[in-house]
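The chain below stands alone and is given as structure tokens, in the form predicted on its own.
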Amino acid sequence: MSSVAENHHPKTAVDRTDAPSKLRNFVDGRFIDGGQPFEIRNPATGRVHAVAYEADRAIVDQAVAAAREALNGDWGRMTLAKRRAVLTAVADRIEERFDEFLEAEVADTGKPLSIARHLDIPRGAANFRVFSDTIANLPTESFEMDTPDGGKALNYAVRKPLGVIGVIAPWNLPLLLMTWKVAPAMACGNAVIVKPSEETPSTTTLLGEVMTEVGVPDGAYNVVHGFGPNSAGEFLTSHQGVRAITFTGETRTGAEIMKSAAPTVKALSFELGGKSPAIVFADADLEVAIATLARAAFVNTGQVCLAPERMYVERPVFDNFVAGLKAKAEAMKLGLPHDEGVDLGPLISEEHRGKVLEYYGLALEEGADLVTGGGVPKLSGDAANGYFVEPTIWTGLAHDSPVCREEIFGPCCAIMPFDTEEEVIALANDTKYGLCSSVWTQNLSRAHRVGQAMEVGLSWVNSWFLRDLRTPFGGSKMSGIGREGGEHSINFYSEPSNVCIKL
């Protein structure tokens, strides 16, 4: 790809002598110049910590051409054993550069160091190992048949990569959810073009360095920065050279991507929004339920699509549950990522904080009883300019309130009482979303009954965020299309081709 190679910098993701860092597009194994700069702010302080460069249509075209050339070159010809070894080396190298990935992720998101250290970076590396193993252990089908002339034929399937995959990654778990898509796509032999969120491009860019260091052929992994409409996102989703789009993010954005991808009939995999219910029956282990659901509602400052923003609690234990969750929320420490004992960081941006605070105000307008929180905390020092909000709990809201029906994506929840199993199943399922649910009971029959009755892609019983990565993950209704995880990811990023041999 000479047009790219003639305009490149050394193979480093950021110019570490500059302040702020410069995040360039990564195309055909090189960081290239070009594109309009835009600022990346650390949400914990409000300060600019990096500048990324928006990919225009020409840069996206270059990325697609580089990806297609990789498929026809060294990457496409690479054996499965070699491909698996390279992807395992990617995991190893992420771990060797753990501290760099950690600091980049924290600078983009503002999340506490403890969370990123124990979740985001380890899972980012682990995804490459998981799917490297998965691709090696999946069988394909074969059938022997009788032919009309009295002979036999053998039919067998071979698994082929789709081609160029567009990966559009979210900002809440940037490395984890990006590699959750990139790893299986590359394990299947596809070439990928990643558009990270404009809020959190650093670790995706840094991964370009890693790909080069471990010998991933040029063009197999590309990064284009930018936004959605009339920017890198739209250029990628509408490009005729891209075979599939995988996206995690807001439902409305998913709908726009569908429109953009429709003329070229791309395969789509979407994990979209949620308004997930938690159901707590009176016989639940209340102490465990409160502790787990406090984490579920407030971890990552509520910026988790699986967060239970709606909680239904059986009336006999309602007051005790509310009091227990209130105590957990009020014990949480907000602050800078590197501060000792911090539980909650900021929201991702000033704009998003404005949206969350609008819902905080709307809840009160609709007559909610504010149990705790509801505003902006008073923090000092560098954190004073960060995008923090208080963890917030309401009671007294009607089930059909917008606060109870629309995804807020902040550290908040509405708690509502119920009286019967039938009533709460109907309430929990009365939503346009269907991502996940969490049911709490010590009655085994009820656990199975209610767990299976939830109209969701993932139904937890007496737990939350507990997953085997081989199992199907995805949403129902307006929470998504398709499933990820294990063979489900492999099936999306590859297609079977039947070979029929006349014997």
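Please read these numbers as outputs of a predicted model, since none were measured by experiment. When you see a residue number, it is the position in the sequence shown, counting from 1.
The next section is about a form of this same protein that is not shown, the form predicted together with nicotinamide-adenine-dinucleotide.
Contact label in the predicted bound form: residue 250 to nicotinamide-adenine-dinucleotide, heavy atom within 4.5 Å: Residue-level check for residue 250: yes, a contact with nicotinamide-adenine-dinucleotide.
Contact of residue 233 with nicotinamide-adenine-dinucleotide in the predicted bound form (heavy atom, 4.5 Å): Answer yes; at least one heavy atom of residue 233 falls within 4.5 Å of nicotinamide-adenine-dinucleotide in the predicted bound form.
nicotinamide-adenine-dinucleotide contact in the predicted bound form: residue 394, any heavy atom under 4.5 Å: No, residue 394 stays farther than 4.5 Å from nicotinamide-adenine-dinucleotide in the predicted bound form.
Heavy atom of residue 100 within 4.5 Å of nicotinamide-adenine-dinucleotide in the predicted bound form: Residue 100: no, not in contact with nicotinamide-adenine-dinucleotide in the predicted bound form.
Options 271-279, 381-389, 214-222, 410-418; stretch whose heavy atom lies within 4.5 Å of nicotinamide-adenine-dinucleotide in the predicted bound form: Going by heavy atoms within 4.5 Å, the stretch is 271-279.
The single option of 205, 431, 197, 190 touching nicotinamide-adenine-dinucleotide in the predicted bound form, heavy atom within 4.5 Å: Filtering the options by heavy-atom distance leaves 197.
Partner-contacting position among 161, 76, 241, 170 - heavy atom within 4.5 Å of nicotinamide-adenine-dinucleotide in the predicted bound form: It is 170 that has a heavy atom within 4.5 Å of the partner.
Site test, 229, 257 and 473 vs nicotinamide-adenine-dinucleotide in the predicted bound form, non-hydrogen atom cutoff 4.5 Å: Yes, all three are in contact.
In the predicted bound form, residues of 125-143 near nicotinamide-adenine-dinucleotide [heavy atom within 4.5 Å]: Nothing in the stretch sits within 4.5 Å of the partner.
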